[in-house]
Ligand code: AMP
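A single chain comes next, written as structure tokens; it is the form predicted alone.
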């Protein structure tokens, strides 16, 4: 008589499998952020994590300037409905006119150029008429219109980036506007990865009966190459306990994170968990999600270890859900939750209760509403449906079916998928 509680990945409900949120919490709590830093040019700092708070050493703007091409005026010297002033000079960006205005005077100013200290408005050039040096305008003028004030954008001493903030293109633009050339960042984590399986051969080789090309290393390379990490591909390891132990021991000498794919289920040739127990520590082994239940997480000396499933879709899903939070934490990035969108499903969805399920799907928008539909077959080996997808539909563990036109939770893919 079969044992329905057997320690396997067949049953939808497994009391030994961790809830996904518990798993993420365990992972994040076990990760120690990297303390080592390096100083780099801001041009190379995109996606890196700031190693300290960065304060503005100057104000932006650092001087009172014009937001438009036009004429700087002092409102106190204007007579109502008789706006006629004499142009006495021009203030150009980089070539300022820095004297005060006298009665009935105006200075022509270019966008970004210094305006006189006692001016309190800039009249757009298009709103004026010129007669020799006499500038005429009849529109009402409001105080401070078209003037940018000192510190209007950034005040001196203001914190621009906090420790752990990701530096994006906007940040390097701001840093450069403050005159910053170099920035201190957290050093890049070192991530080593490999695939396991006697059936795997490298691309370019000739397939024999029962063999397949190893795609998971290319999947991991693609996922990791978009991140601020140093990566090393350790190749393919055969399904042999001693070979896996040797590879893990070697990888732990030079990495912050080790990732393998395959060999984490309960088959006769699945040795990852046993090898990890022998030379390191197993924190947990199975997650209550689909696809991707078999996932080993632990530590080998000072290296975090993730044993991802061998099916490529499962590897992609578990990387996004469980490896990314660890990478963010080790880089000291501040916590960033997944974006969840409520969308109307165009298709009926079915699943077995017991595990949270992530279905590959296509998210679209029409008339201000979000719609989502399955991107194809959902088997953990079906990569084509992942290629077509731009999001996951998240179905909680107790759900059995969802009728079409129902509201579902959708998680858009992030840049690394």
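Fair warning: this is a prediction, and the values are worked out from it, not measured in the lab. Residue numbers count along the first chain shown, from 1.
Another form exists, predicted together with ligand AMP; not displayed. Remarks below refer to it.
- Residues with any non-hydrogen atom within 4.5 angstroms of ligand AMP in the model of the complex fall in just one of 169 to 177, 309 to 317, 154 to 162, 343 to 351: 309 to 317.
- Contact check for residue 263: a non-hydrogen atom falls within 4.5 Å of ligand AMP in the model of the complex.
- Interface membership of residue 207, defined by any non-hydrogen atom within 4.5 Å of ligand AMP in the model of the complex, is ruled out.
- Residue contact check for residue 192: none of its heavy atoms lie within 4.5 Å of ligand AMP in the model of the complex.
- Within this chain, residue 212 lines the site of ligand AMP in the model of the complex, having a heavy atom no more than 4.5 Å away.
- Among 259, 200, 115, 248, the residue placing a heavy atom within 4.5 Å of ligand AMP in the model of the complex is 200.
- The partner is not shown here, and in the model of the complex the stretch 384 to 402 never reaches within 4.5 angstroms of ligand AMP through any heavy atom.
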